[in-house]
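Here we start with a single chain on its own, the form predicted on its own, put down as structure tokens.
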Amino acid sequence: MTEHKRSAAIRYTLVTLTMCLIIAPFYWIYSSSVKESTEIVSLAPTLFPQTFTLTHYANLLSSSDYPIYLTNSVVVSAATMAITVVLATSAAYGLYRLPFPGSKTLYRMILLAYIFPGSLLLIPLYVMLSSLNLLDTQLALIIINVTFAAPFSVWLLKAFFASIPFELEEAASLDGASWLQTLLRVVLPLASPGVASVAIFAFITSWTEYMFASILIISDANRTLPVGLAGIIGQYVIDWGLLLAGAGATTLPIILLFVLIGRYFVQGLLEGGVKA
């Protein structure tokens, strides 16, 4: 075997092992969610379901508050994504395309937001939201999620905005376009991979957020999926079938999102890293 074939075989082997490690947990969740309860807790685990049932999914939709949690997560994640995209694109355009005194200092201060872990800010944010009477509201989660997603999004868009020639904006200005029209009609179409990356990042960050949602939300009517699924785990008895069905139904939207537009997210991260 030549050196080239040997290195190719090693690469393919490593890629295959990595894919197995990534796919295995999802396969186990979905395959176990359609097993009978006795097969799930059996001492001899089965790789392929010996029985097939959709009872766990039926119970999830009919005898639990999963539909409420799903609705709350969709509302919070969609609102977080929309607000983050608007704020991040506007802020990035102002920082990188409309130079002003102190812009570099402001850019560095934005990155400082990631120095402090979220747990360190939990108590100050709790007190602030409590004083504004926003505890136990979806608006509180939206504010928190946007706060943590926007700084990274602004940084990510820097490379895309910096790569767009200023001559295009000058031409638009000569044609009478305002800065907002230039942003919407000239800059954003050229930076669409970066905007798509920001949208996906904000959505996933909000969809999977647990810590703040578990502290700021008290009532079942406002809980999101991560917190709601944690409530399925009882103190003495765990309905593994219901829990696995909930985990499968919760991860399915993220999987579909990556299948449909995940290539834009990867493209955005790669192009942003190269251009930066």
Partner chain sequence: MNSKHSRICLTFLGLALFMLALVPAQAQDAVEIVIWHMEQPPQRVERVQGLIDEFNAANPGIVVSQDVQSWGEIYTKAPASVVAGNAPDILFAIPDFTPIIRELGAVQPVDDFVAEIDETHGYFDVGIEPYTSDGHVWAIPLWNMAHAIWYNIDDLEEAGIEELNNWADWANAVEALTGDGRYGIGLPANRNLYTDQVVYNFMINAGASDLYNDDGSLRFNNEQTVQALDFYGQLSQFSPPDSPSWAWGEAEVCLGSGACAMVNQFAFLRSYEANGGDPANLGVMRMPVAEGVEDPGTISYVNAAMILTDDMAKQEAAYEFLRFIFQPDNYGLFLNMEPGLFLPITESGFESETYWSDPLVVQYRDQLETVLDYSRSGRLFGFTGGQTFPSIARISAQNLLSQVGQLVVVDGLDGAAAAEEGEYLMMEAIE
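A quick note: this is a predicted structure, and the numbers were derived from the prediction, not measured. Numbering follows the first chain given and starts at 1.
Although it is not shown, the form predicted in complex with the partner chain is what the next lines describe.
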Quick check on residue 210: any heavy atom within 4.5 Å of the partner chain in the model of the complex?
yes
Hey, in the model of the complex, does residue 192 get a heavy atom within 4.5 angstroms of the partner chain?
yes
Indicate whether residue 231 is a 4.5 Å heavy atom neighbour of the partner chain in the model of the complex.
yes
I'd like to know if residue 242 sits close to the partner chain in the model of the complex, meaning any non-hydrogen atom pair within 4.5 angstroms.
yes
If we check the partner chain in the model of the complex, which of the residues in 136-156 reach within 4.5 angstroms of it by a non-hydrogen atom?
137, 139
